[in-house]
Structures are given as structure tokens and as C-alpha cells.
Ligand code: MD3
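For reference, the chain that follows is the form predicted alone, supplied as C-alpha cells.
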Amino acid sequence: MTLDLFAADAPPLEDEVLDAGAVVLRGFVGARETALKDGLALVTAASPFRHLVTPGGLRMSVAMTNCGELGWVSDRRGYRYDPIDPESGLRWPAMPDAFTTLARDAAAQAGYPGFAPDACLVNRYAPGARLSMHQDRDEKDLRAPIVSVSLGLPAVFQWGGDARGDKARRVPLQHGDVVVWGGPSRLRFHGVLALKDGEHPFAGALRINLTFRKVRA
């Protein structure tokens, strides 16, 4: 499967409301993708992708890194945010301006003006990689939304309820889609189904996800 970048003659995409406070901004990345790709190269050169280990000792199928003031890490000691990359001993690379601007603009479009993320988790999905249902609840500031940017191969986002066992809705995501959730939906369970094989001009046989968060209150 080969996927084209946005076609010039494609009709405008309609945003999709998931729940109160949660929306998929279809194709929101638009012409910003070149700047995002350049920023991604700078971030991963300073802090390369790695597969973290859960507190239970399992290797995560999704490779990740971080940029911004804080980075999300996981090891035998638990899940947490840390200003230092444990592999380099240095601070995480700064969040590229293109990242910050996109996150701010997407949040404002979704009804959350003034969003100022201090952490960006960068996830890399290879075919077969998945993200199990979970809540984003390690942040001290739960008033701020989550902004999640899809790049490269398409994926199926799972949008669940307030409890892990609630039935999850399957939401197809394409390159350039941005999901924003906050307010009454801030602690909804969510995940990503196993990525299927494919090829995309942006990331080859991979999917890249940028997740912006405001950690510090």
C-alpha cells in the first residue's frame, strides 16, 4: 500500500467530534509537514528513539523519545516525567518551534486557547506495534488538553470511556490528523491498534505520533 501526501484537489476534510471536549481535526497539519519533519530530525539526532521497559519488565513495542522541558520515561521504577534523558544524561532537546506552534494552534481550534505544552512524546510505530488502552494521568495539570498528531502510515485510534473495560470506539487516523481531548474527556482511556504494513512518503514504513502535554501546573 502506497499512500500519497495531501492531494491538491482533495475536498476539505470535516472535523469529527468524539465526545464533549474531544475532537479529531482532520488534515490539520497541512503544509506544516516539512517543518515538522525537519524538527523531528533534530530531536531524534539529539535523543534517538528507544524501546522503554514497563515497570513489570516488558519491552514496549512502540519506540519513543521526547523533546521539551520534560520527557516521559518508564523503567522498573515506574512511569514518570524527567527533565533528563536517561540515555545521554543531558536535558531533552528543545521543542522545535514548528511543534509548539502546531500544538498551540490545534488546541485553540479545538476550544483550548493558551495551551503551552512543556512535553512532547515522540512515538515511532513499526508494523505490528500497538499501544494498549490507558489514561494520560501522570501530569499535574489536568486542566490542559492532550494534543496528538498523526504522521506517516494510517492507524486506528481507540477511544474508550472513563473505565478501562468500557467499549472503545475505533477511529481511523490518517497522516496529518490531530486529535485533541480535554475537559470532561481529559481522562478517557485510549489506545492504538497494531499498525498495518504500508508505505508513506513522510515516514516510509512507519507511523510517527507527536503527543503534546502540559505537565507542570
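All values derive from a computational prediction rather than experimental measurement. Position 1 is the first residue in the sequence shown; the rest follow in order.
There is another form of the same protein, the form predicted in complex with this ligand; it is not shown, and what comes next is about it.
Note that among 162 to 170, 47 to 55, 188 to 196, 30 to 38, the stretch whose heavy atoms approach this ligand to within 4.5 Å in the model of the complex is 188 to 196. Though the partner is left out of this view, Tyr125 does reach within 4.5 Å of this ligand in the model of the complex, counting heavy atoms only. For Lys214, no non-hydrogen atom is located within 4.5 Å of this ligand in the model of the complex, even though that partner is not displayed. In the model of the complex, no heavy atom of Asp85 sits within 4.5 Å of this ligand. With a 4.5 Å cutoff on heavy atoms, Arg143 does not count as touching this ligand in the model of the complex; it lies far away. In sequence order, Asp136, Ile146, Ser148, Phe157, Trp159 are the residues of 136 to 162 having a heavy atom within 4.5 Å of this ligand in the model of the complex; the partner itself is omitted from this view.
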